[in-house]
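We begin with a single chain expressed as structure tokens, specifically the form predicted alone.
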């Protein structure tokens, strides 16, 4: 069956990227956070060796990329080194709020230079007040400070803008800003707020069914999910509506279950919300 997984990835039936939730805790408490992450919440973290093992097994199964998210991954000690190990196995993208890159953490990022990895940083508006209202005080200033430092180190930076709506003028200002910071147009992702996690508690965001979401195998401390939008948290409990399997090792178990679920799925259904 593992041959079938590799063939499905090669044929585009199964998305090639496997996501890893490194942790759930965060130094921010964004208004639309999928996982209700914040300072002081339960970490429920994967160890560095476990994350690397997921990447190894993903490569063995025929997957072609890794995504790392949280929480805030860089709260975990040695995350730069862990990402370097993962990027040596498969091309990697790591999501981060970009607010922790100073001192020793910034210096450690030198390990990522020259490797096939991108850091995707969240920035929701060119107006500091608008951005910080959703993400936290001084977030805009910290991100603007961090991005040039990463670019100077030879680290690819992607920018993710998560918004309910954006006017053309505001979008143009944000694009001008990311170009000024050294982020290319193709590395700017604009996506909607999804009505899950903290966004659901606040009654904001678009409602998404399973068929609206990319079927990207997602591994967490709690199990394997249909999508990185799957292991959301509400009222302190992890949602299970998109749970595939509690078993994540070997990775072939949830990979095969996901393949069975996506076979025969109409092409293009995972792009309806533009959340790739």
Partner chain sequence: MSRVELLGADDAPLVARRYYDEGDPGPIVAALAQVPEMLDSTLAFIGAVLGPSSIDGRTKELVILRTSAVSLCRYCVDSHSVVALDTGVVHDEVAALRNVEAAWTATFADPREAALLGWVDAVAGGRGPVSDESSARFKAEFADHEVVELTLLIAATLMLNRFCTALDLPTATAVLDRLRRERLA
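Residue numbers count along the first chain shown, from 1. Predicted model, so just to flag it, every value in this text is computed and none were measured.
There is another form of this protein, the form predicted in complex with the partner chain, and it is not shown here; the text below is about that form.
J.: In the model of the complex, does every one of 144, 158 and 179 come within 4.5 Å of the partner chain, counting any heavy atom?
T.: No, none of the three is in contact.
J.: Among 27, 240, 47, 31, which has at least one heavy atom within 4.5 Å of the partner chain in the model of the complex?
T.: Only one listed residue qualifies here, and that residue is 240.
J.: Is there a non-hydrogen atom of residue 10 within 4.5 angstroms of a non-hydrogen atom of the partner chain in the model of the complex?
T.: Residue 10 lies outside the contact set for the partner chain.
J.: Answer yes if any heavy atom of residue 229 is within 4.5 Å of a heavy atom of the partner chain in the model of the complex; otherwise answer no.
T.: Residue 229: no, not in contact with the partner chain in the model of the complex.
J.: Find out whether any non-hydrogen atom of residue 246 is located within 4.5 angstroms of the partner chain in the model of the complex, and reply yes or no.
T.: Residue-level check for residue 246: yes, a contact with the partner chain.
J.: Does any part of residue 257 reach within 4.5 Å of the partner chain in the model of the complex? Heavy atoms only, please.
T.: Judged by the heavy-atom cut-off of 4.5 Å, residue 257 is in contact with the partner chain in the model of the complex.
J.: Mind telling me which stretch in 232-240, 33-41, 61-69, 48-56 gets its heavy atoms within 4.5 Å of the partner chain in the model of the complex?
T.: In short, 232-240.
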